[in-house]
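The chain below stands alone, shown as structure tokens; this is the form predicted on its own.
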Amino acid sequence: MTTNDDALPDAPAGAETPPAGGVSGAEVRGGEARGGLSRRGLIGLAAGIGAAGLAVGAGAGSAAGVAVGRARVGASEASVHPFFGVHQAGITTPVQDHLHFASFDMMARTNRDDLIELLQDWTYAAARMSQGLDVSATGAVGGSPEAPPDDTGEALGLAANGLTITFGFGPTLFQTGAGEDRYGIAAQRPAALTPLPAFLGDDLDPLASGGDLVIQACADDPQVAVHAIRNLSRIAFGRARLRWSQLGFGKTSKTTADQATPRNLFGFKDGTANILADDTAALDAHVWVGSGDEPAWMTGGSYLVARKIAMLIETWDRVRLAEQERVTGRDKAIGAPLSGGQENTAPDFAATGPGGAPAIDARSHVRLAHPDLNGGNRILRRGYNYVDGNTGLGRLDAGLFFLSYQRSPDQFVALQKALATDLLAEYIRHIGSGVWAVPPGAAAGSYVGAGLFDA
């Protein structure tokens, strides 16, 4: 590895010595040393990740145990974001160009220890991959030639490419729809973490909605993002299964001032007024769960809402430009509000146009979504375009994969209800949905979500 290998775990979970900045299978929990994965996890590792990753005693000091890395390509491709910290990466991190989003359900007959061990194993692998490393020290080609490799290998030769991996917990992880508390954590479920209500215009696919666990992998190279989800899915074998996933490209929001405002598939600039990473006051007020919020284990975390929004591309493409701009409330060329100015000029909803009509239509998207007309309500967006081929009618199966982070899901619910009369609704359909509690970042030597199980 060429990317700060010394600061990360150098052996897979189950190593005899807890790695600096990582998680070991021998980590002490509740006064007892945990000696590796559960039996289910061991089966999963042997079948899906590789028996070489279990041979720590025999391989850690041998040639087979030498870390195998991915090469640096250039400054931007080698961009690395810290994994451990107060907040999880992938929220205020500068939005990358590509997304692989994956929702998982825990397997039947799994228990609390299985869930904890899965989160520990995921943390271990994610911490490595986000630094441009393979999922373990033996990696894709450093293990036994007679066993499946620990790492799938499609990212060999690729650097970190700004990879961030963000984890979240769905309502059903705490309690199933039938009321079952599978993992003894129902009492720790945040009161705000409930399934989203039905909204006007929803046409949701239950097979592309919800999930016990979620992983958001973002990177500036699509193969790096796919590699992350592929390997975390393998690690989950026997404990969790993939419920649904989504690839995204061409970010539709920015989180830093130096990023240009991107365009969505309707051709308009999207996310002009997004909360930026350096606006700490707005983040504390609207995005991060505060120390006075409940439950305490969520302090420093956030809530993630995902909405898969199909765009009726062919219908939109036949709409005259003036009508497109009226629907959105912005100029298509520069993104300025129709009341005048530049992209970042505040909309003037009292301004009138020729004939005395409002310059910005009362039902335009920009007006209905604006914080000034929603009690100051703001969210942080990290959306992506998607194209999933074509429909059976020969139309583009494409749209916006909307992601937002907020201090409470109630913020999104209020905003979505305010959009009930949005002119844009004629050209879109909400077909997928989910909400998850995103715990704070993990401390070095711990794992994502540890506070939930210590509460």
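All residue numbers refer to positions in the sequence shown, first residue = 1. Not measured: the values here are computed from a predicted model.
One more form of this protein, predicted together with another copy of the chain, exists but is not displayed; see below.
The chain is drawn here without another copy of the chain; in the predicted complex, the stretch among 343 to 351, 282 to 290, 190 to 198, 153 to 161 whose residues come within 4.5 Å of it by any heavy atom is 153 to 161. In the predicted complex, another copy of the chain lies within 4.5 Å of some heavy atom of H100.
Taking non-hydrogen atoms only, V387 approaches another copy of the chain to within 4.5 angstroms in the predicted complex.
Remark: A420 does not count among the residues lining another copy of the chain in the predicted complex, judged by a heavy atom distance of 4.5 Å or less. At a distance threshold of 4.5 angstroms between non-hydrogen atoms, P171 is out of contact with another copy of the chain in the predicted complex. Site annotation in the predicted complex: the residue of G300, P148, P94, G85 reaching within 4.5 Å of another copy of the chain with a heavy atom is P148. A heavy atom within 4.5 Å of another copy of the chain in the predicted complex is found for exactly one of A89, I309, A140, A369: A140.
Along 228 to 260, residues R230, R234, F237, R241, L242, R243, W244, S245, L247, F249, G250 each place a heavy atom within 4.5 Å of another copy of the chain in the predicted complex.
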